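In the form predicted on its own, a lone chain appears below as structure tokens.
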């Protein structure tokens, strides 16, 4: 009986009873530097979660390796509901294609996705195309002529663009940069022909007439970029690749805790103040939970694996 009591006590320490959860602060690992898109989104959401869960949220930024350093460090956390990962999709579905990582999409307990946005491909006003269809035709007619900036070799932006290009037999030259901001600077400076990156950095330049965005990587068009074609209108809706964010927990987290967190996230993500915050970044709420989120991760991972293999980038 003594040993049984000790064992039960150990279980109680490792896995808190739902009625008690949360009874102390929750630490959220963000595998990116402070100030970036995932960091600002997670911190804003954290303030709302603190009120919803009645506990404090501590943020830990662990940057490096395109997100893999922070994710790998997070893998050592206990599945007790007090350690969560707030990440965008690239470290989970893209980075493992081009780097050796200690994890795969099924190495986590999925809690909920939170928001999403498309990537976009933009050109200068004098580029000889005014529509998405004309843009693809110009690239197809001139193999190897045009360069497009992206957020790194094997990054989600490159793979998103190549999903489109490979299906159309297009050969464009990928030029990697350190992120959308750096890509934008080189695009505006004339060092690459095409901007490839998230929407919010380039949006002011479409409004000033210094750039025209002709394609978004979502199936649907994006109202903020009225000249850009959605992939569905080009007959490529199945090539959709989005930038999206999510909250994950260590594998083995108690289902009752997972359900409590998913419930809290669905409520806070759809809070009007958070929806308004997302809109300023060109993002929209998108809550997918449980098995559906696991399936989304795996499907994206499998689709990008094909693209990475075709580019000779896969591990």
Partner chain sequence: MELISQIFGGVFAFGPIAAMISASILGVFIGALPGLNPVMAIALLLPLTYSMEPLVALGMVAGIYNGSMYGGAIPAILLRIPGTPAAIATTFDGFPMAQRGEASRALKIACWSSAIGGTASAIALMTIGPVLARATLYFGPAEYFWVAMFGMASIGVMVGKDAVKSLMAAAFGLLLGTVGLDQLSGTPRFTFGEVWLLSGLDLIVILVGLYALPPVIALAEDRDLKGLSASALKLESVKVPWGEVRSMIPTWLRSSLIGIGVGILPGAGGNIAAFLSYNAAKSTSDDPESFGKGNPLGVAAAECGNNADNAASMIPALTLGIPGNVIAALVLGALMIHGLQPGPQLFHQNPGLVGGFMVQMLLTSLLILAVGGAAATRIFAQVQRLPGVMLVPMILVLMAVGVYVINGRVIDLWVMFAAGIAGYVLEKLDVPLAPIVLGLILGPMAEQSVRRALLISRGDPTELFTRPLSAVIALATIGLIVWPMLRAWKRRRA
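Quick caveat: nothing in here was measured; it's all calculated off a predicted structure. Numbering follows the first chain given and starts at 1.
Keep in mind that the form predicted together with its partner chain is missing from the display, and what follows is about it.
The contact residue chosen from 169, 128, 204, 235 relative to its partner chain in the predicted bound form is 204, the criterion being a non-hydrogen atom within 4.5 angstroms. Residue 184 is the only one of 184, 139, 161, 123 with a heavy atom lying within 4.5 Å of its partner chain in the predicted bound form. Proximity to its partner chain in the predicted bound form holds for none of 82, 156 and 249, with the criterion being a heavy atom within 4.5 Å. For the chain shown alone, residue 200 is a contact residue for its partner chain in the predicted bound form, at least one non-hydrogen atom being within 4.5 angstroms. Although the partner is absent here, residue 258 lies well away from its partner chain in the predicted bound form, with no heavy atom inside 4.5 Å.
Looking at residue 227, you'd find every heavy atom of it more than 4.5 angstroms from its partner chain in the predicted bound form. Contact check for residue 104: every heavy atom lies farther than 4.5 Å from its partner chain in the predicted bound form. Stretch-level contact analysis of 206-214, 161-169, 85-93, 219-227 against its partner chain in the predicted bound form, using heavy atoms and a 4.5 Å limit, identifies 206-214. Annotation for 271-285: interface residues with its partner chain in the predicted bound form are 277, 280, 281 [heavy atom within 4.5 Å].
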